[in-house]
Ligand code: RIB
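Heads up, the chain below is alone and in the form predicted alone; it's given as C-alpha cells.
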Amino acid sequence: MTAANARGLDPAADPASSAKRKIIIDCDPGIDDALAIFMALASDKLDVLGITTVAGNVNIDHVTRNALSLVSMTGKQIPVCRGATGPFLSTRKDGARVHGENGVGDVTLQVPAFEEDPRPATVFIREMADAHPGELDLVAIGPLTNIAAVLAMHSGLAKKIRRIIMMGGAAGFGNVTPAAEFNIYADPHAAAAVFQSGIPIDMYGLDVTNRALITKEEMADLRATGKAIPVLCCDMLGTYADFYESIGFSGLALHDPFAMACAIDESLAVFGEYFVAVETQGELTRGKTVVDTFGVSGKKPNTRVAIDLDREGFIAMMSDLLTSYE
C-alpha cells in the first residue's frame, strides 16, 4: 500500500502528479543538502525555480557559495538568493563538526559559473509565491528563518504557498540535544512561527531520516560509476562517515536527500497526521518538535509527519538521479 493510499488520498488529485512540482529549495549546504540539490536538478518531476540560502551548517557566505558551485556543476543556472545570516532571537549554532569547515566535508568545489541573484531570499520567495499562487512548494532543508521572515513581512502570503516539505524535527529524540533536531534548534522561534502559519507541512524528521541510510557498499557502487557528481558526493560523504561511525550508526543517514526524494515521490514515506508545535523556552527541550501523537491536546492536526520509509526505494531513486549526470 502506498503512503498516499494509506491516508485515503487520491494521487491523481495532487497537482504534482500531473505536472512538474514548482519548488524553491531553502537550504544551508551542507553535505546532505548538496546531494538533495543534485537530485532536485536531475529530476524530471521538479521545476526548481531557485535556491534560497540560510546560515545553518556553516555561515551564510559558505552556504551561498556552495549552492552556486553545486548548481554550476550540473550545467544549469537558476537563481541563488542569499538569506538570513542567523536566527531571530538566539545565538547561531553551526554544524561544522559534522559537515566540515566549508560545509561540504572540506572538499574543494568548482568555482561558480555564475553570480548569486541580487534579490534577498525573502524577496525571491514572495515574488515566486505571487507568480505561482497555490502552486509553489517550499522544500526547507535548513533552519526555517527565511520562511518565517517572509511570512511575517507579508500578510496573506501563507495562502499562496501550497505546501512546505521540511526536513527537521522528530517525534522522538534529537541529534543536537537529547530533545531537539538541528534545523529546528538552530532557530526555534522561526520554526514555531512556520508551524503556526496554516501552511500544510510535510515533516521528515529524524524518526525516518535516521533510517534513510546508505551503506558502504552502496557508496562504493556510486563511486564505481566514475562520474564526477557521484564521485564528488562520495568524497563529501567521507567526512560524514567518520561522524556516523563515531556514534555507532551502521551507515550514513541522508536526511535532506530523503526529504527531496519524497518531494519527487511521497510514496517513499508513510505518514501520520498530527498537531505539532515547537518548544522555544524549555531549559532541556528548546527546539523540540512536540508531536501530539495520541491527540491529547484536542487540537486539529497541522502536519503530516513521516513515520516510516522505503529505504531501498529511496537509495535506488537517489542513485539513479546522481548517476544521470554525464
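Predicted model, so just to flag it, every value in this text is computed and none were measured. The first residue of the sequence shown is number 1, and the count goes up from there.
Keep in mind that the form predicted together with the ligand is missing from the display, and what follows is about it.
- Residue heavy atoms within 4.5 Å of the ligand in the model of the complex occur in exactly one stretch of 269-277, 40-48, 255-263, 294-302, and that stretch is 255-263.
- Not one of D187, I201 and K288 places a heavy atom within 4.5 Å of the ligand in the model of the complex.
- Using a 4.5 angstroms limit between non-hydrogen atoms, A191 is distant from the ligand in the model of the complex.
- Under a 4.5 angstroms non-hydrogen atom cutoff, the ligand in the model of the complex has M167 among its neighbouring residues.
- V150 falls outside the set of residues with a heavy atom inside 4.5 Å of the ligand in the model of the complex.
- Within 4.5 Å of any heavy atom of the ligand in the model of the complex lies no heavy atom of T52.
- Exactly one listed residue, out of N102, S72, S197, N175, brings a non-hydrogen atom to within 4.5 Å of the ligand in the model of the complex: N175.
- Residues are counted as partner-facing when one of their heavy atoms sits within 4.5 Å of the ligand in the model of the complex; in 181-220 these are E181, F182, N183, L206, in sequence order.
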